[in-house]
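Below, in structure tokens: the form predicted on its own, a single chain.
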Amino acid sequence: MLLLRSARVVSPPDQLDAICDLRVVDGRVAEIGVDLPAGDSKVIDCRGRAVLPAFVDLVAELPDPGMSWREDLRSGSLAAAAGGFATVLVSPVNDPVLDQGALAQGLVQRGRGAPGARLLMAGALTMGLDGAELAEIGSLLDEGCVAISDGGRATKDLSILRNALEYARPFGAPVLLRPGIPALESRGCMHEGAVSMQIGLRGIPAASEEVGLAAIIALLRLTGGRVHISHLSTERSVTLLSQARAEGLSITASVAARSLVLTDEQVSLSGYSSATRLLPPLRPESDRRALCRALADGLLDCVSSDHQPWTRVEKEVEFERCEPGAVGFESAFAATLTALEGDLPLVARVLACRPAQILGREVGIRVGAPADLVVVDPNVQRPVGPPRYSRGVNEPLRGQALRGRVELTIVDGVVRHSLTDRPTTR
């Protein structure tokens, strides 16, 4: 039993935002009140801290099996718990790709036994994620996958995407897609704009995402079903999303936490750090501000870690040649809290409540609810350091002074991370 004492408890679904005590018994919230007796509970002093529903992540790569030197399920789940995540939807980017039901059963079982955050699996949209042939979507969902994903690889063939949306519709599972036009992205390595011209790097135009999103919306209008845009990064994309929602289309979207605080200028300011080589790339300040406004207004649903770990072998090469992507689990909360100016109810909504709803799960802090909780210090400000648990080295937020720190993560009533833990996976 645990007793969280004198915390600011914030749970938007329950219209709860108050200083109170919270008792956890047998994996569930047993009591919420003031000056609860300690009894046999282990008491955790939370004065000056806040308790939120633990976070849910929709966009993360844990490439195990096949590329476990980048990250395995154990290290990834511990890194996620260190970031306050209780639940992570894992991308199908593995070797072999998770594109067949026979592969899903064992991986789903391994995810359930992870020592940190619980891991749910997304099956592949196409065989090998190469965009040429539909994966075994029905079999993947039957074997325990909870979503279908393109793995962040924009689909080249729109006829294949149309067939995938039509096939997935009866199952009701969300289909995660990154909008983009591969031909417009193939030679670029950062946002195409004033900064890329000044520093002499080939750019990726914002039009790649916006045209890709327009195509996805048109196909969704044609086929029905549910789509989640896994990487939204421009102001015009927000406008397209809003228009699609106004039509009644079932479309949601997330933004990477780092995109809420960093801009394309970071490529230059960092001395061409390969950690800033991302896809979609970091955008200008006008887009960053628009993304923050869209979250506050409810036009944009949620924030993801967009965790893509790479080792020094893949990252410590020339900027244009390195693999795109960055770690994100351990810095996502601080980036989100900083960008949203300390608004804890909004942070709880975009990091926990909305992503859980997209997966068909309910989160909240109420008597009888599963005890998925995160204790945070919303006032501390400190520079981001290297990842403590992830095997990835590519943290673009390193050195940035951000607000907020995760101190304790509880999953099903069990402490899965404490700030005093010492990493054992690196």
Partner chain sequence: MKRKDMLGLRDSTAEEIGLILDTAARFRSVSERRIKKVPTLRGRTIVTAFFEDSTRTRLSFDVAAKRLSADTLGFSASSSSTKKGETLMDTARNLDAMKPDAIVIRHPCAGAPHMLAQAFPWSVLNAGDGINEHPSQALLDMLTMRDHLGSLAGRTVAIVGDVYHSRVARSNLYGLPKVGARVLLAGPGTMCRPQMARPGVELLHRVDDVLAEADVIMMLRIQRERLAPGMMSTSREYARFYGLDLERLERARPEVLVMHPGPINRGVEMSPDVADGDRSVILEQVTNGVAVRMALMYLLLGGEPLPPGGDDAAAS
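Residue numbers count along the first chain shown, from 1. The structure presented is a predicted model; accordingly, all values stated were derived computationally and were not measured.
The next section is about a form of this same protein that is not shown, the form predicted in complex with the partner chain.
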Review point. Should residue 143 be classed as touching the partner chain in the predicted bound form when contacts are defined as heavy atoms within 4.5 Å?
Key: no
Check your understanding: Is there a non-hydrogen atom of residue 157 within 4.5 angstroms of a non-hydrogen atom of the partner chain in the predicted bound form?
Key -> no
Review point. Does any heavy atom of residue 172 come within 4.5 Å of a heavy atom of the partner chain in the predicted bound form?
Key: no
Point to revise | 4.5 Å heavy atom contact, residue 109 to the partner chain in the predicted bound form | key: no
Exercise for review: Name the stretch: of 110-118, 133-141, 242-250, 313-321, exactly one has residues whose heavy atoms fall within 4.5 Å of the partner chain in the predicted bound form.
Suggested key: 313-321
Review point. Tell me, which of 218, 299, 207, 199 has a heavy atom within 4.5 angstroms of the partner chain in the predicted bound form?
Key: 199
**Study point:** Proximity to the partner chain in the predicted bound form, single hit among 235, 185, 72, 192 (heavy atom within 4.5 Å)
**Key:** 192
Study note, to complete from the structure: Residues in 255-289 that come within 4.5 Å of the partner chain in the predicted bound form by at least one heavy atom, in order, are 268, 270, 271, 272
